[in-house]
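Only one chain is shown below, in structure tokens, and it's the form predicted on its own.
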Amino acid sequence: MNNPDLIVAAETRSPVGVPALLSSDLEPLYLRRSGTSLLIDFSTGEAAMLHFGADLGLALPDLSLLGEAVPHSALDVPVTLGLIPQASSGWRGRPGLRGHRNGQAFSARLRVVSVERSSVEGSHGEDCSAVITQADPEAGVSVRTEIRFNDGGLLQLRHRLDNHGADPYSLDELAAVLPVGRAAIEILDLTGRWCRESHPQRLPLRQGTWVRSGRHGRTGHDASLLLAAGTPGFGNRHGQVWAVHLGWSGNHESFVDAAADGRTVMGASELLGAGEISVAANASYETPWLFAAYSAAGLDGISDAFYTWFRARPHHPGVRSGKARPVVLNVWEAVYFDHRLEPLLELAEAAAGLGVERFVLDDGWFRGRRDDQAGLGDWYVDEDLWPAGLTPLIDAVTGHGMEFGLWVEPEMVNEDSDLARAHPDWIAGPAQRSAGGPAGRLPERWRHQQVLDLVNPAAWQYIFDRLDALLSEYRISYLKWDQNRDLAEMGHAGRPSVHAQTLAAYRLLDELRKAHPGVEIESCSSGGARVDLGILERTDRIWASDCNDALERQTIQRWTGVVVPPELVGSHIGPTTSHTTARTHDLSFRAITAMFGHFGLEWDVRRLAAAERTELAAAIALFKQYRPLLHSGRMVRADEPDPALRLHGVVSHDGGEALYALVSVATSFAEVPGRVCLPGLLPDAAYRVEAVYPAADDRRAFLQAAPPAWLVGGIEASGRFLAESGLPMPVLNPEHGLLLAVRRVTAAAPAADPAANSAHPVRNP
């Protein structure tokens, strides 16, 4: 880690020559799983991508006849779209590999060296994973590509570049790309800012390249969690969609590249700084995983693929322990930096009485921390605030039957801290810095803080030792791991080091989890600025936003949830009047919004009115009742034609039950909502639908002389009726919601309807 410009594999290999190329008569690679397939041909000697998308079945044509036409004023041979697109094969779009050896070997000509295929249990003997190695003997490099097809249809792909030459190879980019079907003519991705993360934007797919660059040193508030291309007007429940996500927490780019010959690829890569990666002789560089999914049923199908992958992980929360996700109370918006023991004890008692299961002490507990301008890096319990340490509070919290959690921000440092005064050379920046030497120029401050250079082994070890000591001394079950600034001008030893810093942060998390396997960790980054599958391989949930305003959260959580399942998305009931937007919302709207996530509170609940306390306790109990469903079922989102209404829900995989939320985000043009459909149920099963929260006579939520007749006592209908015809809904006031519980009451199938299945008669001309 002392030389971030030299990226070495886990074991440095002995010098070897470039592997010999194979003949071009290899069988094509055809990977298929869960309705999705990938087809790669080797007849040109290159790994040529022919298809990613719908399953193509078993009967494939002669691929040698599928070469593209050769137009006038072009190469004399068909242009190959390679697994790594190359100018040497005629590809004029964005190249997959950019690099050089001291200005030479700037255009690689990679050809196949080996293809390893394997299947998995339950895949009917079909290939579900592969490793393809391609090499260029003249350039002295090879690229090993690992491909995995997971149950649910989520594809993973990553490259490893090996330098077989005697000199370093300067790498500028190594991208993972996949072909997109010609039917895709629209692009959708996400963007945002602090307190307004994960908002969608659409644009037409045109010839050229659409690029989203993230230069934050972390994933970023404006990061495109999902980059999707699809058929015209694709939505939640309809249309073909191709989507990718890069599992990386540092600088990155994602792109859609529509070439002039009509072919389109989408992909992503780590965005490398100038001279950041120089691959030493006999060393390697490995890309982050690219995750990709295809759906013929809209974005909900993309979510199915990602959720299936998440929940199949052996370390997914609850998989190994069987433990439900605990209801959380975080004290930040209750007390901020006011860390006096008595108010915190009162808060813990009040929280336990409401049914809270985890109590989290936020920022302000460590030495010199009275505001956000000092103390970061001094990870010792403040003796003035806590003369007996954290033990009295932890004993009270655990005595109430709750877990105790603690806030930390290990990757940052205040200049006003004992750590920075003792080790100014541990602060990352653009200048070469050394202990006792000149300070050098620092990046601009962000929230009064700088970045701690974890690439420095001594700084890394100090942070590990301090966190390890805290976790060993105290009964801490949970760390809220924050990271509150961009890594602008991130450097180590005068060289760019976002790549090395990201790996160092990963290693810190990995080693702490290894030392304390029972501790859960949340990834918070001034809200949702580090939400990606790289950090989620090492943490147990993400904090989607610092904004607890329920109206803002409806959009933030809806779109974060396209990729990340609700049990991993922290979602809290905030104060009646939001601290970030000053909007005021009824408790029912705040609670219904928070239920579709990892539910919790961020609110001073010590002095609630009796009616409010009763309602809040009932909402927590309601969440616990439906928690198993919410954290295991299929997410469904209706394509509601009224932009003032949104409907989303979770349906159990056996179709036995569901929970839906109908939300009014604005006033509607229509006098009444009319019939709203409930998608995702078994068509021929009978269901009972009941409104469970708020009560039908709640005048805060509804603006109507009389509710629909079914609302008071519930109704029974088939899944097909509920999905196709729907139910008349009450008139919700803006910024209110209604929770609907659905349970299957019979599995009897009705007799076939001849009219529904008969073909229309054909008339003779």
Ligand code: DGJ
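Just so it is clear, the structure is predicted and the values come from calculations on it, not from any experiment. Residues carry their position along the shown sequence, with the first being 1.
Below, we refer to the form predicted in complex with this ligand, which is not included among the displayed structures.
For the chain shown alone, residue 568 is not a contact residue for this ligand in the model of the complex, no non-hydrogen atom being within 4.5 angstroms.
Heavy atoms of residue 562 never reach within 4.5 Å of this ligand in the model of the complex, leaving it off the interface. The shortest heavy atom separation between residue 407 and this ligand in the model of the complex is within 4.5 Å.
For the chain shown alone, residue 586 is not a contact residue for this ligand in the model of the complex, no non-hydrogen atom being within 4.5 angstroms. Only one of the listed residues (415, 257, 546, 520) places a non-hydrogen atom within 4.5 angstroms of this ligand in the model of the complex, and that residue is 546.
The contact residue chosen from 362, 489, 136, 640 relative to this ligand in the model of the complex is 362, the criterion being a non-hydrogen atom within 4.5 angstroms. Of the stretches 227-235, 277-285, 479-487, 493-501, only 479-487 has residues with a heavy atom within 4.5 Å of this ligand in the model of the complex. Residues 524, 526, 527 of 501-534 are found to place at least one heavy atom within 4.5 Å of this ligand in the model of the complex.
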